[in-house]
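Let's start with one chain on its own, the form predicted on its own, as C-alpha cells.
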C-alpha cells in the first residue's frame, strides 16, 4: 500500500510537552502586547507569565495550551490556532466569538492557522469539533483578556472596574465619558504582570451583538478573486516539480525500473529509493512527460476482491462485535413481536474527491525542514515528516495555507512526506501535487459496509425489539433514536479498519459512518411504519421521547406543510431524522423517478445545533452537506478489481451536477441556551436515507444499497414487476 510511514489517526495522543514551543518562545516572536493562552482541560486559577514585558493571562492547565491570542499596541487582535480553514468557516466564526467577549470589532481580528511554529499543538480539524469543543474555552480566553485590560484601565484612570464600560476596544469611564483609553494604549510598551483577580462571566444571549449575526465569510473575497493562497500556489527559488512512479494496483510490488529512456533529457533529476521513485524538473509538465518514458515492471496485487464480492468478504470477516448500546432483553422483545422485518443494507466505497488534490512544497535545509501542505492535520504531518527524515520534531515546520476541501481525506499526509524526502534527496525545494488519478488511487475511502437489522412490531404497532449490527462503517450515529425497550446495537470493525480487511486504505469521510448508519436505520424505520400502516412522521413521533429531536421533526412537518398518509402513497415524499456531532436534524424530500433516474425536486432540512455563532455560515454548511450527499446517495461508488482502482477521474466517478440540485430549504431552530454543537457534518448524514424513503413512497420499491444508481433502480422496478 502506498502509505505514509507513520499513520497518525485522528485522536492520536498528544506529543511530549518538551517538543512544544514554550510561552517564552511565542512571546519573543511577537514582542509586546497582551497574550492570552487557551487551554483545553483547564482548571480554575491563573499564573503570571515568566515573560517580562507583555501581560500573560494563562489558566493553570491540566493539558497543553492549543491556541492563544495577542493584542498589539494598535489594539489589533491576532489569534493563533492549530485549526485550519478548508471551507468550513472557522476563519470567521472564531473571530466572532472572540470579538463578542473581548468587545472589539471582528474587523480588528486576524487569524493565524495551522502553522506548527507559530500555533500551539492541535490534534486536527475534523469531527465538527472546532466550535462545540473549542468555542467556550475560546470565548473564556477573550473574557479573561477583557478582564485584565479593565483592571489595567481602572488603575490608569483611577476609577473602580465597575465604573468602566467597553465598546470596540475603547474603555470609557461611565461617569465621565470624556475619559477614555484604548486597548492598544493599555498594552503600549508597558511592563505589565497581572493575575486576573475575578474571572469574568461570558456574555449571555440577550447581551450578544456579534454572536448569532450572519456574517460574510472573511475569506470570501480572497477566494472569489483568486487571491487565496493554497499549497500549490507557493513558489520558492530553484524549486523542482515531482512526478512519482505509482503502482498500477494496491499491493503490487515494483520488480524493476528502467530509466534509460531519460538519457539526454535536459534538466531532469531522478530520485530512486527502495520505496520511492520520482522524476523531477523545474517545469511540472516536463517532469510529467519524463515520467512517461520510465519503464517499470510490477508483481501483481495479491488481492482478488472486486466491488461486488467485497460485501461477502466483509460479512464473513472473523472479528468480534463490540456492543455499542443495549437494553432490555431481545428474546423478550422477539416474543412480543407479531410482525418481523429483517434487512441487510450495503454501502459502497466512496472517494473524498475534494477540489484540491493533496499538495505540498517542502524545503529541507540541513537539519531543518519547512513544508507547506494541504492538510487537516499539520501537527500530525510534522511528526510524519520528522520520522521520515530522521529529524527531531521541533526541526520540522508545517505551514497550512487555505485547504481546498478535506472531508476527512486530508488527515494523512503522504504527499507532504514525499515532498520532504525528495527535497532532502535533491537539496532543492520540491513540490508534490497529486494528479486527479493519484488522488483517487491514494485516497482513504469511506469504507464499504454491511449493516444488518432485525426488528419487529408488537400488537400495538410499536417497535418491539431492535437488533442492529454495523460492519466496517463505524459506530458513529449507529444507536437508534427511538423509545425501544428491547434493543442491541453492535459494531464490527470501524471506519478506519482494522487493517487487512479492505483491499486499500480507508478512513474518515465526512461524519464517518453516520451516513451509512442513518441510511440503514431510517430506511428500516420507514419500512416498519409502512408495515404498521401509519404515516412515517406520525410513526416516528410515537416512538420518540427525545424532546430535541421531537421538536426538530415537528418543525420539519410544519414547514413542509406535511399531510399525513401511510406509505407508499405515490407522492414521492420521504422523511428521515438523525443526530450527529451533538446536533439534531430532520429532512423531508420530494423525488420523481423516470427510466431509473431519481430526480430530487425539493429538499427541506431542519437543524438544531445549539447556539449558532454565524447563521450564514451554518446555512452554507447545511446546503453544502445536502448537495454533497446527493453524490453518495445517487452516483458515487469506487469500482475496483484485483487492487486496481477503475474510477480515477470524473469521467467515470460521477459527482453531483448542478442540474441535480433541488430547491433547498434550510431551517435553523434557535437554541441559544444550549452550547454550540457541530454544524459541518449533520446535514449530510440524511441525504441517502430521505431519498430512499421518498423513492419507496413514489414507487413501492425499497432500495437497500448505496448509491441508488439508475441501474439499481431499474433492476428493483423490474423485480417488483415480475413479482406482481
Partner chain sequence: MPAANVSFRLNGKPVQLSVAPDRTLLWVLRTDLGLNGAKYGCGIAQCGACTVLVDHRAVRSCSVDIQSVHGADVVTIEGLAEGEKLHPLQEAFIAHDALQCGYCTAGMILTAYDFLLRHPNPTREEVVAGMDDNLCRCGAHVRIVDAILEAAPAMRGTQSP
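This one's a predicted model, so the numbers in the text were calculated from it and none came from an experiment. Positions refer to the first chain, counted from 1.
Just so it is clear, the following notes concern the form predicted in complex with its partner chain, a form of the same protein that is not shown.
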item: Stretch in contact in the predicted bound form with its partner chain, which is absent here, among 208 to 216, 253 to 261, 269 to 277, 166 to 174 (heavy atoms within 4.5 Å); value: 208 to 216
item: Position in contact with its partner chain when the complex is considered in the predicted bound form, options 372, 138, 345, 407, heavy atoms within 4.5 Å; value: 407
item: Interface residue in the predicted bound form among 550, 599, 435, 326, criterion: non-hydrogen atom within 4.5 angstroms of its partner chain; value: 435
item: Joint contact, 352, 623 and 649 to its partner chain in the predicted bound form, by non-hydrogen atom at 4.5 Å; value: yes
item: Residue 232: touches its partner chain in the predicted bound form, heavy atom cutoff 4.5 angstroms; value: yes
item: Distance check, residue 664 to its partner chain in the predicted bound form, heavy atom within 4.5 Å; value: yes
item: Contact label in the predicted bound form: residue 498 to its partner chain, heavy atom within 4.5 Å; value: no
item: is_contact(residue 468, its partner chain) in the predicted bound form, heavy atom dist at most 4.5 Å; value: no
item: Sequence-ordered list of residues in 356 to 376 near its partner chain in the predicted bound form, where near means a heavy atom within 4.5 Å; value: 356, 357
